[in-house]
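We've got the same protein chain twice here, in two forms, each standing alone as structure tokens: structure 1 and structure 2.
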Structure 1
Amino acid sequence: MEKVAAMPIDPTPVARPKNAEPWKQISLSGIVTIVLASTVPLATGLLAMVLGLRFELALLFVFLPVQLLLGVLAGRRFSGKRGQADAILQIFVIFFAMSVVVLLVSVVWSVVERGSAALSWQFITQNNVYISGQTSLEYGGLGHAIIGTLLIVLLSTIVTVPLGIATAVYLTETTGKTRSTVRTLIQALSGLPSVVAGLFIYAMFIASGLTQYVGWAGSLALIPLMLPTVTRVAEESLLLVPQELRNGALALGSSAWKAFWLVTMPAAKSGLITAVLLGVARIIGETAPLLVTTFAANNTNLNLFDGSIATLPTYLYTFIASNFDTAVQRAWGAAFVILILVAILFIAARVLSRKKTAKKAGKK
């Protein structure tokens, strides 16, 4: 015992070494491997293309094999036999991950490029009355569809948000017996095909003759699609609130309701707002359920309770498959507007969740 106590102790902190997370890094030899092994294949691949080979063929049959070969050689040179397998693994991982990047960039770029060409003040403010697929882009627009989308999504949100958050409250703040059933069903709903949600509302209200195509039916059809997102994100953010806070409130003589309203909910606020934003982002581009419930319209309709309403997705849908260039341009314009709306919601949600994590980090 004494000997241990007598040992000299050096309490000064040592700077965290760069390789404190060795499993995360591409080691130096890995970097060399990749640098070396990526210039040569690139050059041969380009050469093959100059000699007249198609890009895809050059990529798959010249670049990739050369890359693999050099990777294996370099890997073996640096770390022996296991270097070979590692090189192959890393090359494939990067190749596949890059293909996702390429696909995503292709989608976003084509929408931005073509959509922005269609955009003008008149395009986002005017409606589609007297416009056909051949009408010049200087006339008409999707103002009515923007308004329609906002109205329909607003009504869905008004219904779904309280429902979803209350469900999340049930899952996190109570000891209710049906919690696991509810959780499973919510999970299952998140995989509900959107067209089925539309058919359901159609069957319930339109096929039974209660109403014609109408805005509110579209809002209802979006509810089962939005509900799982709102519930899941809200549940996660409520779970992040430490149990000690709830106990602190209850120990002060609080009712369960007051503890939730004054302590738990404020602590989870940014997460709950994120839940709403992601929920809206989930439904804002939904097409199929709206086609079978509100259909499309050319005029500006501000009344969710009377007649068809145009929305951005259905506007896009009606122009997408046309043979006329202007019609296709209108479709790209609509896609761009949808993308902007999704991006706004998405960025807002990320900023909020960043704030949340910053606060947590500050507390430590």
Structure 2
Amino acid sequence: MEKVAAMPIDPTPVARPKNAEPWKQISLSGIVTIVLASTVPLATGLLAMVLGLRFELALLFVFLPVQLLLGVLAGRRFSGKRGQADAILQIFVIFFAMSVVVLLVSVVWSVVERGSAALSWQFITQNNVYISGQTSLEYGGLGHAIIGTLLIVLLSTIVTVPLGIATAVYLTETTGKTRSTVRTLIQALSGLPSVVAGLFIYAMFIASGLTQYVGWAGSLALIPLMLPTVTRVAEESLLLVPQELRNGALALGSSAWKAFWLVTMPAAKSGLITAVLLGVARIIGETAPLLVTTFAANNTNLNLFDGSIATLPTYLYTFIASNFDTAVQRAWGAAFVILILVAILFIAARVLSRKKTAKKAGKK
């Protein structure tokens, strides 16, 4: 067989392409173009506001058009026709992203600023008996509503989490013929209006005379609202577990059930915790289902199966519709407490999951 002679290797280094450092190709005129495209729209919008135009109108009808025009010119200056479309896309993405961030920050800041004024020890611990919309903030509070919210959400979570995770396991770990039907039903539940869930429970149990306004009816109304979130997030978490882990456990002689419990579930733990958190966050502020199932009680009730029970959303709804400033202040305080509860849930879950991960790493 004829041998092929090896080609000699040229040790000479390959010259770098001319466009290897594109940032060095920007001339002084290019820098000026970028600066003008960034500052002129802002200056124009501020000038329109100084001349008396409202902020919203100046933002939408002065700043944004000028920014689009100068952005398109700058994009054409550097990248030709393709740069125009890129500039328009970037401007819209940044504009709407910043709009969402500003709206979110403004809402959170408004809740913190106005709600903190009502926050005090007696406001958190006392109930609402003998309290009206004109009563000073020094008397009464939402302690009974905090307890009621925790009890109702706890009962809904106890029922929903096992059901949601079991549904996610069925959708990811089995080959049943009804998987598509179950997934369709879960997706349909995700679009269910909250008031419809509350009215369904009201018509079935309260209007029919089977029970009165009671806490467990509110928990029952929150279950179909929490179930889709828990199921879908848990399903995605289980799907993200590498298939190699399952195959390795099966190759070592483990059964499919043991492989799931000992390999897949621990690997998806953080995702399952996130599923529970998102499910709780989905229902903790729901108002409509609770208004028609639990009513708004003023006293402290620890029994979900006897009598009406107060919750933070119903407490907020009761006082926000009042014409008195003190009552509205109580509503802002309730909104602030809801925000604090959600933050505590997220922080606690993250801290617990990190501690467990650190302990396992230390043992290894």
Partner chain sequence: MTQLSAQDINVWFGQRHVLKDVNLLFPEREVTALIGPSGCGKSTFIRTLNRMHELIPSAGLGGKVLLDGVDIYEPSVDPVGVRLRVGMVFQKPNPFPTMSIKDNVLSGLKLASRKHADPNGLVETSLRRASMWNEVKDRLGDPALSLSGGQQQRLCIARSLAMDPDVLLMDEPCSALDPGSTRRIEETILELKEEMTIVIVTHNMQQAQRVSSQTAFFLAEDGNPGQVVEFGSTDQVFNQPVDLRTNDYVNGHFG
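Each form is matched to the other, and the largest set of C-alpha atoms that superpose within 1.5 Å is called the rigid core. Remember, it's a predicted structure, so these values are computed and weren't measured experimentally. Numbers given to residues start at 1 and step along the sequence of structure 1.
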The form predicted together with its partner chain is shown as structure 1
Once the core is aligned, please say if the CA of residue 190 is shifted by at least 2 angstroms between the two structures.
no
#### Entry: Post core alignment: residue 307 C-alpha displaced by 2 Å or more between the two structures
no
Once you line up the core, how about residue 68: does its CA shift reach 2 Å between the two structures?
yes
Superposed on rigid core, residue 48 CA travels between the two structures a distance in Å of 4.6
Core-superposed C-alpha displacement of residue 342 between the two structures, in angstrom, equals 2.3
